[in-house]
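So this first bit is one chain, no partners, the form predicted on its own, shown in structure tokens.
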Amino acid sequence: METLAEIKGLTKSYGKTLAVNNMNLIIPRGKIIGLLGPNGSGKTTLIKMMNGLLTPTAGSISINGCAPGITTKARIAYLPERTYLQDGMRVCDIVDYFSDFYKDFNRNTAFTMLQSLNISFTARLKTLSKGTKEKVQLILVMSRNADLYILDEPIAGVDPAARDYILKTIISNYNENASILLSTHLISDIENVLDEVIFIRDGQVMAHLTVDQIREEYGRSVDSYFREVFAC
């Protein structure tokens, strides 16, 4: 199995607090991987370091053989937990911006997905609901032909009726050589699309398992196994 990203001895501290503590992890190509853990477990800190938004205190991150920087940012499609788009912009202007900024951005894919959700191309973000804004942002991210998609809580702000569409969008808009790292608390809603899961707590990897392992060896769903692991 080909390695897409490798993390060795990764540590991030804030004073005496260790947000990520000597973490070791390998992310293979061609997988949809759930990044799961309770609040404060280090998920978002890990994601920000992988995207070059935070500098590790110690250890290393390698993505396609490169440390986080200009090269990796061109190959990572990142969906942060909070919307970063400007409210005054129109949807079509944002599509133009992404098209200019990212060489791997597919305008036709973006407009097709926007149309399927009945999101007006000329609408300004400030006129859209919070859930619709998050749909727009997800569409922008999934319209790229990236190597690694990192999605931080992609379905937290949308209604249950839209979640199936969003998950279908996620799994149908990446190539077999790419991987998706998906952080969420809504495990039962996404476990059917996952290939693997990474459980973290206190900034450390507790387990990295395939979904089939959890179901076959432990006889549980990912959600029930998660509840059992983090019960104490």
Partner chain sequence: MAWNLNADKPIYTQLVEIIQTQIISGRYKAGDRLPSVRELAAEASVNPNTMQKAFAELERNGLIVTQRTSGRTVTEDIELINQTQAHLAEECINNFFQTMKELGYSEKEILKLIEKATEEVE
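Residue numbers count along the first chain shown, from 1. Quantities reported herein were computed from a predicted structural model and do not represent experimental measurements.
Not pictured, yet referred to below: the form predicted in complex with the partner chain.
J.: Work out which of V193, L186, A67, L53 lies within 4.5 Å of the partner chain in the model of the complex, going by heavy atoms.
T.: Answer to the contact question: V193.
J.: Does N173 reach the partner chain in the model of the complex, with heavy atoms at most 4.5 Å apart?
T.: Yes, contact at 4.5 Å.
J.: Can you check whether P38 is within 4.5 Å of the partner chain in the model of the complex, heavy atom basis?
T.: Flag for P38 set to no.
J.: Answer yes if any heavy atom of G15 is within 4.5 Å of a heavy atom of the partner chain in the model of the complex; otherwise answer no.
T.: G15: no, not in contact with the partner chain in the model of the complex.
J.: If you check in the model of the complex, is L25 within 4.5 Å of the partner chain, heavy atoms only?
T.: No, L25 stays farther than 4.5 Å from the partner chain in the model of the complex.
J.: Exactly one stretch in 43-51, 28-36, 56-64, 201-209 has heavy atoms within 4.5 Å of the partner chain in the model of the complex; which is it?
T.: Stretch 28-36 is the one.
J.: Taking K168, R215 and S221 as a possible spot, do all three reach the partner chain in the model of the complex with a heavy atom inside 4.5 Å?
T.: Checked in the model of the complex: all three residues contact the partner chain.
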